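Take a look at the structure tokens below, where one protein chain is shown in two forms, each on its own, as structure 1 and structure 2.
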Structure 1
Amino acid sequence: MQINLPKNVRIIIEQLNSKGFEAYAVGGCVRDSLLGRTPNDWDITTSATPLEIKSVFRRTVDTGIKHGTVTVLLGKDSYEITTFRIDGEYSDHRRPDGVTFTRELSEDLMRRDFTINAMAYSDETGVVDLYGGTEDLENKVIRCVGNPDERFDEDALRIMRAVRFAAQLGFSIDDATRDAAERHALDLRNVSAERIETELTKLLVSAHPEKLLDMYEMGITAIVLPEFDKMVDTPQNTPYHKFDVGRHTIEVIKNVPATKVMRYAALLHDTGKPETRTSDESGRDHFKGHSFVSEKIAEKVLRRLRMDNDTIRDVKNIVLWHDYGIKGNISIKSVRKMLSQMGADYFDFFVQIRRADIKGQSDYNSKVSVETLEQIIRAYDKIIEDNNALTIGDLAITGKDLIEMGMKPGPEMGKTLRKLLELVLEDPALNDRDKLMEYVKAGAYIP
């Protein structure tokens, strides 16, 4: 089997070869090439030690010398080159106590997590597959290299990686590997939040985010995302729904665009349901005010995962507003106020999550729900078309005008502008310099 190596990768391999070292493309890039997918990056593994690598190339960066990784810069691109290595003991279930370099490719491939990730390639040798990776690719199976219990015991993150690769590739997990993963799920308690976030995010934005249910069944979410387990355990006895909160959530995740923000917003939008659920005399469930609770839980979960602040801000805002106008009969004034508070920039996200939310519900009321959403969209279009003021910056009057009218700069001025915005949101025709001046002059809004 021939893989089309990028020119720079070929050059790096040839240069190392010419100095007497072995070198190969390895891991994810070999797997993806054999699957006909475009690799994210091309990792290179070599028998050369870090110092030897540095002696071969002119521009290098010491990325992780201790672990054997040197980054080589070629043109505008960079490539990670890692010395063949054997990982030491894993006494803490997450990282080796030390690594030793080796001149044997087979030993390097043996330390890798799954058979499909443990293949190397060079034009000279073709695919080096010592652990059945090609066969597992053909059969669409995720299988540990070696004894799965030992491999998960070494590094518990591999448990999540197994499901993540299954979700990205549409593969299933080999039974022995899956059973061992379940036995070791508790060890995920020792894995850092950053590593967990990486795997969870990759699963969520993958082609098969429904594999989150596998994580639930395997006892993984119980450790890394117990909020999801609570949702799966929360039934929805209402004609609007056909699924429990967890399975409904999966439907919503599948139906929003595969971006980090939208997939996390979908994951977390109903996290407030378990604790807001009440049942009336007829046995029907209600989840009053759940979006406010969901917003708080979303923040807690994302902080725990050490998510970046921009993502946290966006996800929280989408979660908070996802249920806006759910009862129908929306006035254009209400939509104006909603846009002013939520931020008009978030409107597309709102529409995306709302459409997905409706798709994940029963057919009982879905026609009405879609009509309500269309009504909100029409109101939005009109508001944008009419260029209605939605922020203080859109007002026909500025702080400068107020100062000229004799007002002192300070918090009172902000208060006055907010008051004027409220008026204008009620009646856009008031957004006129003279009219607003009059209001201010009348003194009604000068505190």
Structure 2
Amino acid sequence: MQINLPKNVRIIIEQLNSKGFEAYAVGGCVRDSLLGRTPNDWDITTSATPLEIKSVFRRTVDTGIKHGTVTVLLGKDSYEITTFRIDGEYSDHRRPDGVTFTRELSEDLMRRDFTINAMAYSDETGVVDLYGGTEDLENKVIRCVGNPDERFDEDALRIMRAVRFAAQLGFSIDDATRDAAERHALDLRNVSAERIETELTKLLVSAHPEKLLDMYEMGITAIVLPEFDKMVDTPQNTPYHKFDVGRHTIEVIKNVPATKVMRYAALLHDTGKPETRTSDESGRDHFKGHSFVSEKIAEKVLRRLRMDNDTIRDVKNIVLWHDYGIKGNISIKSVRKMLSQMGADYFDFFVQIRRADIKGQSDYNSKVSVETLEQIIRAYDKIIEDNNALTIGDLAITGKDLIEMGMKPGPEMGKTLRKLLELVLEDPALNDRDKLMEYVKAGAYIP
């Protein structure tokens, strides 16, 4: 099969060939090309040693020369070229203790994780597939190269990568590969949080985030995300639900946009339910206050995964507010107060997770839930249309005005402005500079 190599990749391969070295595009770019996808990047492997690579090209960077990788610069673009190599022992189940360079492509491909990632290509040779990668692509199977126990013993993260590739591609995992992954799942304790987060995020934003259940069945989440196991083990004996908390969570994940923030918010929105579950005398379950508990658990999980602060902030806020309106009693005043506390910028996120949450529940009373959400949306539209004040910065009076009235900057001023905001949230018509100044002069809103 012919692959359309980018011009610069072809130039690099041809220049190495002209000096007597073998060179190929390798790995994910070959896989994606055979699947009709556009590769994100192009990795090149060669029989040339790092020093020989540097002698062929004028502009290079020693990216990882000890492990055989040199970056070649062509124009504004850069390409990583790695020498054929054999990995040494993996004593920490993460990375080889050392590498040995080789002139044999077959030995380099043998060390790779899965057959679909162990193919090489050049225009001269066509696809080099020594381990059945093309057949596995056709059969939509994730299978380790060689002995799966050895592959997972070398790098435990490959256990998560197997499920992640299955989720991204819609493939199944070969039985022998799956069995070996289950046997080695405990080795994931040796993998850094950053690497765990990368694979989990790619799975969550994939086309098949429901593969998270595969991770549960294989014992992976028990190591990297035990909170999910607790959710799967928590039933929801209530007419509003048809799934346990974990499987409900999967439905919510599937129904929110495939962004990092929304998929993590969906993943974590009900993590507080196992802790808050109670049952009444009729056997019906209740989860009072679970949003508050879920917010705290969400922060703990995201910090454990070394997530960035912006993502933590956004996910926590969505998790905290995801259940707003569940009990009805919606008014334009209550929506104003909700927007003031939550932040109007989060409203679209709120709508997305509420809609997904409803879809993940039973049909019982679902029409009422949908109508309540539509009522909230109509209230929001009216609030925005009328330009209602939602924050202290929206008030018609400022701290400067209060200073001119004789108030000193400090806690007193902050309390006064918050009191005035409460007043305006109750009645937007009061957001008038003269009216607010009268309230302040009267002393009613000065602590």
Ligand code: ATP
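Every value quoted in this text rests on a predicted model; they were computed, and no experiment measured them. Residue positions are counted from 1 along structure 1's sequence. Just so we're on the same page, rigid core means the largest C-alpha set that superposes within 1.5 Å between forms.
The form predicted in complex with the ligand corresponds to structure 1; structure 2 is the other form. Comparing the forms between structure 1 and structure 2 on their rigid core, the Cα displacement of residue 72 reaches 2 Å or more. With the core superposed, residue 13 shows a C-alpha displacement of at least 2 Å between structure 1 and structure 2. For residue 420, a C-alpha deviation below 2 angstroms is recorded between structure 1 and structure 2 after rigid-core alignment.
CA movement of residue 52 between structure 1 and structure 2 equals 3.3 Å, with the two forms superposed on the rigid core.
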